[in-house]
Every structure is written in structure tokens, then in C-alpha cells.
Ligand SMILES: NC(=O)c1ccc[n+]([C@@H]2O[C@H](COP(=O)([O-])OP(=O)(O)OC[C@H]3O[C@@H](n4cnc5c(N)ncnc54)[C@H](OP(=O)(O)O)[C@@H]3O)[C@@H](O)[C@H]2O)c1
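This document starts with one chain, in the form predicted on its own, laid out as C-alpha cells.
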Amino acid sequence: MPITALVTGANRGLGLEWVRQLIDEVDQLYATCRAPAEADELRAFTETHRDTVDVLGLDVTDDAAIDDVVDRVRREQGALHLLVNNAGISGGATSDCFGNVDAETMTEVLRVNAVGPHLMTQAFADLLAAGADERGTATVVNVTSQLGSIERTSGGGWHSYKASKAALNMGTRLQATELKGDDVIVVAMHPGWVRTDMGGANARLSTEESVTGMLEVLYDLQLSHSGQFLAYDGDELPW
């Protein structure tokens, strides 16, 4: 039975690696980003996998843009089996510390990192349920961070980012509760410290190592795992 997947923030870093590794595992892959015309590496996949990959413009904070993508997937596939909510921004990063946090930055980071994934999952809920009807389960992966763990939090910067990932984790639990009856698995997944624009050159993992780990975890997921906060190596993390 055909498998349909959708990845947000697919133009670089982890999102691009999700596309690279999923491209031969699924039958249809919708790779979304805000500016497809500038996503040269991503668009190159459409040249080599014309029958598999569609690159679509999507801002996950734009309701109308989300609706357009949902309508496209519904019209062309009728179901979605895997949704990877990967799109995210860092905000002020290390400079975003107590005494220096501004409302505009914090609001935008929360909108992209927490509100966007929640709206995406909500909008695709019926297509995910249809995917679960076809294959037994469907899956939502919310790419989060251990920096969103309230139990493990510490001082320093990244205030807006940390708050947004904690909110995304809560969103994951809410989505899991709402969709469990439709056999849709929803997990929050920490990719590890990865060498990306956000993670920096000194990070421990390559994007390939991170996504390989997350996919191995994903392939073993059962409905009983829905609502969990997991690391790329399968360890369960504290909220």
C-alpha cells in the first residue's frame, strides 16, 4: 500500500536530511518550506525523484497556506501516513537571556515552533486518520529539543526557544490524546545536538546520524508510545 509523508522545514539541516532518508522509503513525499525558489538542494531532489517528491511552499504560521497544502494532499492522495513537524527557528539563541527577552522575538518563536506544529497536526487530523485506516497506524513526529524539558532546564540564553519547545511538548500530549482513538501515534522527538546552522559546528551528531536514529525509533513505534518525549536514540526524556 502506498505511503505518503510530509516534512516541514525541508530546505536545510534536519529537514533536508529527513527528505534524503525518506525519499526511497515512501511513495509520495511532500517537502515543504517557506521559500522553495531558494531551496536549491531540496529542489534538486525533484530532478532525481520526479515521481516521488513534490516541493511545496508553506509557512506553518499561515492558516491559508496550511489549508492549501491539506487540500493538495487530500486531492492527490486521500491520506497521510507520516507528518514530520520539523520547521523551527531559534530566536535570539544565546543572547535571548533573562533581561534581554523581547515580546516580538518570543511571540514569533512560539508561533513557529509550537503553534505551527499544533495547527498542522490539527489540519491534517482527518488525513492521518485515513492513513491509519489504511496501514493500522499513522504517525506524527514533532521535532522538539531536550531544552524544552522543564525538569532539566537551567539558566543562560535560548529563553524563547526553550519556552517554545516546552509548549510543543505539551502540544504533543494534547495531540496524542485527541488522535489516539484514530490510531494516530504522536511523539515529541529530540534529535540530539546536531551540526546544523542552529546547533553549530561543534555539535556531536551529523544530520545523517540524527535522522537515522529518529527513523529507527519511528519504525518501532506502537500506539502505546503515543504522547511520549523521546530522544533520537529511543531514550525517554523527562518533561
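The structure displayed is predicted, hence computed values, not measured ones. Position 1 is the first residue in the sequence shown; the rest follow in order.
The same protein also has a form predicted in complex with the ligand, omitted here; what follows describes it.
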_Proximity of Gly91 to the ligand in the predicted bound form, heavy atoms at 4.5 Å_ = no
*Is there any non-hydrogen atom of Gly192 lying within 4.5 Å of the ligand in the predicted bound form?*
yes
*asked:* Contact with the ligand in the predicted bound form for Thr139, defined as at least one heavy atom pair within 4.5 Å: yes or no?
replied: no
*Could you tell me if Phe124 has a non-hydrogen atom within 4.5 Å of the ligand in the predicted bound form?*
no
*Okay, which stretch from 91-99, 124-132, 139-147, 69-77 lines the ligand in the predicted bound form, with non-hydrogen atoms inside 4.5 Å?*
139-147
*Since exactly one of Asp54, Asp59, Glu209, Asp183 fits, which has a heavy atom within 4.5 Å of the ligand in the predicted bound form?*
Asp59
*asked:* Can you pick out, from Met120, Ala163, Leu82, Val112, the residue that has a heavy atom within 4.5 Å of the ligand in the predicted bound form?
replied: Val112
